[in-house]
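Listed next as structure tokens is one chain, alone, in the form predicted on its own.
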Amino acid sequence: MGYADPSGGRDLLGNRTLLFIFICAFALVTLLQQILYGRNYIKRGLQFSWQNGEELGNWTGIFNFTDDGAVKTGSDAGGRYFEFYEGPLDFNSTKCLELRRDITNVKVLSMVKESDLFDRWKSLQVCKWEMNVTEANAFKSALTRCCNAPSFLFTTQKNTPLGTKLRYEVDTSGIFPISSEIFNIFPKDMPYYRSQFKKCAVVGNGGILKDSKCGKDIDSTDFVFRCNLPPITPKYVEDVGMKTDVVTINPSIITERFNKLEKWRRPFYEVLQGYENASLLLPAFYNTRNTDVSIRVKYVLDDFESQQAVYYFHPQYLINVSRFWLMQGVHAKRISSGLILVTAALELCEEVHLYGFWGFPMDPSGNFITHHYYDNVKPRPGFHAMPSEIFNFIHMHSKGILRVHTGTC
């Protein structure tokens, strides 16, 4: 009779035992993940189920919020979703202070992933916005010291007397002597004064405006700034409105679309009629190439006996604004026209609302959006620093200096 191994049927540390140990370990890890996920889920649910310091006992799950934090229901309530019962929360409630700190604690954009910034911004939408007068006035005072839009936003007869040798913003070695002919097309003084308007809208051209239904809100403000002759035809009016008080024109638009106004001028004039009595604002003294074509705009309107005013940015104002935003972390070859208008609006208006400003290829919910609300043509790479500009606006919104609208109205 042969020798019988007493361990022959036990598979000590064999394949079956190792498989059993692996399955148990996998199950344990999965269980721990579920416990941690559940805690985070409950924590997040409670975060949005808290109002005025009291937990709501009848929270019912997922709701949709408008841009001011109010609940939207129904099949057409697209956009943002939060685990919250009702809103909005008071701007200075405990929870909103925490949500705002989540944003203001991020000092530079590189400190946070875009997705994390989006999440923090979306979370803040459950809070009502209101202007923080102390913060807003401090910011306005800083702009007065550096830039002074009520005196220097436009080139005027008062700030640029006859015979002045005006230096360009970029071509600083270039000099433009102010002759009597040019002097006479300048306004005698700035037509606007400090805090003249109660509520202003600065409308950017970002794809975030598409399907926003913000047209009525924009048109209801006291003064509306727009950038670079955007379309405000019936196709877009529901989202972007029609009211326009000042619209900027980049001379490159005139060069590329209207042949520098050297031949057919009527198409340009007809485009301007869509803006009715809006004043036109051009950077004639940004560089030497801009001057002739910008001044030609004034002559075209005179030829057609138009009553629309034509103004030119003062080059020193543009230099000072660029320096100011450089100190705020906006490093760009040139700041955008939108940022320049926002800067001016903060001095000319008591309360400033931004629409169409979002410098990312995705909306706050992570959905891809076009670059403009009317097309997807992107700017020259490296020319503007749009994400950095928007990051500053988000900070300013969180501090109550201005309000940024990125959702449906």
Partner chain sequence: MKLQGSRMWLCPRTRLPVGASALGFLILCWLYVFPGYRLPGHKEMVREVLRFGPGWRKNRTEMDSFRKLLQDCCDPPHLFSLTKVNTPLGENLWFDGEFFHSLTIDNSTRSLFPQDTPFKLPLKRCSVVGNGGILKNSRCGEQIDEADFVMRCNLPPLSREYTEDVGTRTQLVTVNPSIIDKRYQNLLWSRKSFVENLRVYQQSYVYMPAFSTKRGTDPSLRVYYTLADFGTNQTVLFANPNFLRNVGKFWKSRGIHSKRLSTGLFMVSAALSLCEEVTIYGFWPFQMDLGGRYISHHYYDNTLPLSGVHAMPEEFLQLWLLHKSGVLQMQLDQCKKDVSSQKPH
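Remember, predicted model here, so these are calculated numbers, not experimental data. Numbering follows the first chain given and starts at 1.
What follows is about the form predicted together with its partner chain, which we do not show.
Proximity of Trp264 to its partner chain in the predicted bound form: non-hydrogen atoms within 4.5 Å are present. Within this chain, Tyr299 lines the site of its partner chain in the predicted bound form, having a heavy atom no more than 4.5 Å away. The closest heavy atom approach of Ala309 to its partner chain in the predicted bound form falls outside 4.5 Å. Among residues of the shown chain, Phe304 is one whose heavy atoms approach its partner chain to within 4.5 Å in the predicted bound form. The stretch among 101 to 109, 140 to 148, 189 to 197, 287 to 295 whose residues place heavy atoms within 4.5 Å of its partner chain in the predicted bound form is 287 to 295.
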